[in-house]
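Just one chain follows, in the form predicted on its own, and it is written as structure tokens.
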């Protein structure tokens, strides 16, 4: 089977690897550089802690298991050509301040435990033993040992290198210009700035640009951009040991609001910096770095971890998350255009969900059994069509 993948971010890279290793003939195109857009602008989150019971949580748990094995697999498949992608099974700590937030966190964690998540309630004293810099104002917390982190740009490049080793081609700086269709109207490839490319199947993995790509190919997909901003501190001795966030982060992840929403999430990186986030804002592809938004992110981070008031911020950056309005990824075949497939719409969870998405998608495209049902993620599901 000849597959053309549009998008060389982490989801497209993971799909290329999974397909090529199954024997498919794979070509990946990207109008920019591989790993140069959304995948380079994320925190590298591999989380179960922010997901309610349901299909996305199931996919996250499946993907976490795959990430753990990818550490050794990618090194072997690329002959150690890449630096470590900094897989850190550091775990997460979610803190609540106030009785209402504590009660909501307790209910959320209990529902996750019933779904199989390792979610451990903590007293204030236990939370501060894990994270001594937490503010005195916290009233409870939950520890999620399964949460982890990777360096997303390196991970994307390593996945692409593995795909190349299995025979895939990656064509950077190649812009999609239109569809190729046969006499029956089936999609059989695309036209690009570097000429036509024929394929048995075209897979859209273009992140927040997936809706635009679908329109270019003659289809409709309700996936678009949701902007986020982050702060990065100078290197410092390690004072944060887990991914730490407050309960507002879960609410922001699950929000449908178009207006600005900020929430607190902080974590150390392998290089010694601290990432501080985050924001969500529906402003199209406006990439402006808004100082007022950064100030709000900083204020909330200091409220959660007061020592950050002394930290030096060396840079701020932003990116666009691929947002689907029903908060579920889009994985599967287009219901109306034969030959068109999707792996997109993961919003801020794309790094964590990439390997599971790729394995499910590759199996479905090649007619193999899938490890879990793709029905909740189907491009033709009513909750996505109603939005479109």
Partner chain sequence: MSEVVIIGAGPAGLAAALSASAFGARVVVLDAADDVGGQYWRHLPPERPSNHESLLHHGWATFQRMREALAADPNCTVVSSAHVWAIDRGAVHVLVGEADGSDRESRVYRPDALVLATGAFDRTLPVPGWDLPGVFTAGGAQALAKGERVAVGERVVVAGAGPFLLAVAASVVATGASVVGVYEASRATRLVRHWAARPWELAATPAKARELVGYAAVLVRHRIAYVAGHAVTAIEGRDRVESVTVSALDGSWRPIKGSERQLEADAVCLGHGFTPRLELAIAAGCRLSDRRFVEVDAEQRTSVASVFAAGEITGIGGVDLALAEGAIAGHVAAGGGIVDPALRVEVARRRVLRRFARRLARAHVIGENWATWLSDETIVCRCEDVSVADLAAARSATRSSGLRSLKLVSRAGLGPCQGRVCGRTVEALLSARAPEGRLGGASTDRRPIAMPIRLGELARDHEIEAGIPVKGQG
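Residue numbers count along the first chain shown, from 1. Quick caveat, the model's predicted, so the values are computed rather than measured.
There is also a form predicted together with the partner chain; it is not shown, and the following applies to it.
Annotated contact segment (heavy atom within 4.5 Å of the partner chain in the predicted bound form): 294-302, selected among 196-204, 294-302, 136-144, 175-183. Listed residues 217, 311, 109, 127 were compared with the partner chain in the predicted bound form; 311 is the one with a heavy atom within 4.5 Å. Using a 4.5 angstroms threshold between heavy atoms, residue 161 counts as touching the partner chain in the predicted bound form.
Within this chain, residue 288 lines the site of the partner chain in the predicted bound form, having a heavy atom no more than 4.5 Å away.
Contact between residue 77 and the partner chain in the predicted bound form is not found at the 4.5 Å heavy atom cutoff.
Mapping the unseen interface onto this chain, residue 40 counts among the residues with a heavy atom inside 4.5 Å of the partner chain in the predicted bound form.
The candidate spot formed by 2, 21 and 378 is out of contact with the partner chain in the predicted bound form: none of the three has a heavy atom within 4.5 Å.
The single residue of 120-152 lying near the partner chain in the predicted bound form is 151, the criterion being any heavy atom within 4.5 Å.
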